[in-house]
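Take a look at this one chain, the form predicted alone, written out in structure tokens.
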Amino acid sequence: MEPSILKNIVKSRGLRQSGQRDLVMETFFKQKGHISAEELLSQVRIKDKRVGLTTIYRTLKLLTQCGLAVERKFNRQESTFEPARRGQHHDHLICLSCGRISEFENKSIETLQEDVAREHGFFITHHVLELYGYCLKCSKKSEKKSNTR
């Protein structure tokens, strides 16, 4: 994310520019995948030990409100966040055992959703597809346990 865009967003919201907020945003946008506020705090504190969890939450809230971040719960208490990718969509596979989140894109699923909506006279603005189950690694562990009984 371009630093000048972020500064304009902060300014347009009537917020003051701060080095800590800049560091949080810079660190967040370097992420690949999903991150919790606590995980982001750990990464930010590598560069600035003074940053608090409140700054992390406020910055994530600002980014989410501006459409630059997406908040997901994935069947958990704790929220995770990922940078929003304009014009790009992906869905998620979530392992109920280890919590691993795999992102995927599938044009057939997208087309099917559009077909179903059209058949029902419905206009889709957005959607979330989360598939829950067990990843291959956890499935194999479970299989081994049941074979040893």
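This one's a predicted model, so the numbers in the text were calculated from it and none came from an experiment. So that the term is clear: the rigid core is the largest set of C-alpha atoms that superpose within 1.5 Å between two forms. In this text, residue numbers run from 1 along the sequence as written.
FYI, the form predicted in complex with another copy of the chain isn't displayed, but the following is about it.
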- Of 25 to 33, 57 to 65, 39 to 47, 91 to 99, which is the one stretch near another copy of the chain in the predicted bound form, taking non-hydrogen atoms within 4.5 angstroms as near? 91 to 99
- Query: Heavy atoms within 4.5 Å of another copy of the chain in the predicted bound form: does residue 11 have any?
  - Reply: no
- Message: With a cut-off of 4.5 Å between heavy atoms, is residue 116 one of the residues that contacts another copy of the chain in the predicted bound form?
- Response: yes
- Decide whether residue 19 counts as a contact residue for another copy of the chain in the predicted bound form under a heavy atom distance cut-off of 4.5 Å. no
- Item | in the predicted bound form, residue 53 touching another copy of the chain (heavy atom, 4.5 Å) | no
- Item | Heavy atom contacts to another copy of the chain in the predicted bound form at 4.5 Å, residues of 118 to 141 in sequence order | 120, 121, 122, 123, 124, 125, 126, 127, 128, 129, 130, 131, 132, 133, 134, 135, 136, 139
- Message: I want to check residue 39: does it shift between this form and the one not shown by 2 Å or more at the Cα, with the core superposed?
- Response: no
- Message: Rigid core superposed, CA of residue 111 - does it shift 2 Å or more between this form and the one not shown?
- Response: yes
- Item | Shift of residue 124 between this form and the one not shown at or above 2 Å (CA, core fit) | yes
